[in-house]
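We begin with a single chain expressed as structure tokens, specifically the form predicted alone.
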């Protein structure tokens, strides 16, 4: 599936950081950066740019904040063409000070938003664009949105300078037919925008749904090393670059960093498909309840968990 326009963004540090409150070591983050650089990946997402007032530093690691100086220390001395991105939550951000792009190691700022907060996302997008950054708007939990409200938001976003608008299957709910429908809806209302795809693996469909997005001309796709990410995780990077057949990609550095870092890490913290995540995905629910139960002695009491979710929906 070679198409030169397709770009790949690795979200290992940002989405993976949701598992451990962003306490990744500098050694690991640098190893990921080196591997992605050698592999020819287009973008690396370093983490969040969060307001410390909302996220007290006593509770989080450095990749919750992604200070420019911290990023510079990680990438220093590495010859690389990979572009760097950070994510900002439009609904959880106080006034942020971003340096102009020519004074920052960051190339792209991704604004995460819900439809109800799209006005905040638009304001933040314009601010980041005016400073020279590439911008995306990532509409989270799109599977839960009322279509009329979603279309209204898309029509507003069509008028912004954001280069890319993302379909984000936050709950791992979609099947391929729904991916096709939603991507075509985005394209209809965003005729001059690139469409992005970010999938979660609750029903073991993150890879398949990413491919489905690519088939319908999504040209910026997210993936992560060994599928690491909140809850059921994301589309595995190693799979998607194998699928794309782009000669610029080299899978060997990806396999090496997985071998050296991800496999040992998987013994210390959990991510990926389990039955509670499947249940929340099937029912189109936020994975927070599954995350919570996986941290208890009842983590494998699937029937009990399912009935609790059903009772809550009733």
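Numbering follows the first chain given and starts at 1. From a predicted model like this one, the values you see are computed outputs, not experimental measurements.
Although not depicted, the form predicted together with a further copy of the same chain is the subject of the following passage.
In the model of the complex, a further copy of the same chain sits within 4.5 Å of a heavy atom of residue 215. Taking non-hydrogen atoms only, residue 69 never approaches a further copy of the same chain to within 4.5 angstroms in the model of the complex. Heavy atoms of residue 147 never reach within 4.5 Å of a further copy of the same chain in the model of the complex, leaving it off the interface.
a further copy of the same chain is not drawn, but in the model of the complex it has a heavy atom within 4.5 Å of residue 238. Note on the partner interface in the model of the complex: the residue among 211, 90, 183, 101 having a heavy atom within 4.5 angstroms of a further copy of the same chain is 211. For the residues 265, 258, 55, 31, the 4.5 Å heavy atom test against a further copy of the same chain in the model of the complex is passed only by 258. Of the candidate stretches 278-286, 22-30, 61-69, 35-43, only 278-286 contains residues with a heavy atom within 4.5 Å of a further copy of the same chain in the model of the complex. In sequence order, 278, 279, 282, 300, 301, 302, 303, 306, 307 are the residues of 278-314 having a heavy atom within 4.5 Å of a further copy of the same chain in the model of the complex; the partner itself is omitted from this view.
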